[in-house]
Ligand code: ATP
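Take a look at this single chain, the form predicted on its own, given in structure tokens.
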């Protein structure tokens, strides 16, 4: 399994742009990978770290952290620009993003730029995250949408505007480049990626019913689920 090392190599005077992609990944599926890979290319990220949560504060997981870590490693094995980090599995207690971001900042080269990737549903609960108002001062956010036409995107922007106005510090404004920007905080980007008509919960339900979920899973992940009897 490929996992993150404590310190990241980088050429002198060449700042890294790192994407941190956290979640339960229960299980990880092609939608996670395709949308995040499109974001990696769009934002010129040198690397994306896939970070399975050990004890997510907002979700009850059905699969052990070790299994979810193993599936994440299988899903990105051999994929350029991707790594898996077990930092949240090695830390006791709930998996708080603010602690994970702090760890990456401590162990990465000076000048590294950080982008935290999260789905739009998770972002709309962002006000319930630990120290969320501090987190936006530490790292830029890339909110991953599941694809849509212009009307869908306009509706998403309007929804995010209302959410940010209600829960974020005043001063954020929508920029034509596709981000909410603030003079004293990092940007919140909306990325409308490839349309993916599946979710992890739907995959779990399909498997529990004995239906075929392989079209939405990496073959190695599908084989692992079958071998371990997960989600039955």
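Positions refer to the first chain, counted from 1. Remember, predicted model here, so these are calculated numbers, not experimental data.
Absent from the display: the form predicted in complex with the ligand. The rest refers to it.
K.L.:
Heavy atom within 4.5 Å of the ligand in the model of the complex: which of 74, 160, 135, 122 fits that? Just give me the one.
P.N.:
Exactly one listed residue reaches within 4.5 Å, namely 122.
K.L.:
With the ligand left out here, work out from 152 to 160, 112 to 120, 74 to 82, 91 to 99 which stretch has heavy atoms within 4.5 Å of it in the model of the complex.
P.N.:
Residues of 112 to 120 come within 4.5 Å of the partner.
K.L.:
Heavy atom to heavy atom, is residue 19 within 4.5 Å of the ligand in the model of the complex?
P.N.:
Output for residue 19 is no: heavy atoms all beyond 4.5 Å of the ligand.
K.L.:
Is there a heavy atom of residue 139 lying 4.5 Å or less from a heavy atom of the ligand in the model of the complex?
P.N.:
Looking in the model of the complex, residue contacts with the ligand do not include residue 139, since no heavy atom lies within 4.5 Å.
K.L.:
Is residue 196 close enough to touch the ligand in the model of the complex, meaning at least one heavy atom pair within 4.5 Å?
P.N.:
Yes, contact at 4.5 Å.
K.L.:
Give a yes or no for residue 200: in the model of the complex, does one of its heavy atoms lie within 4.5 Å of a heavy atom belonging to the ligand?
P.N.:
Contact check for residue 200: yes, within 4.5 Å of the ligand in the model of the complex.
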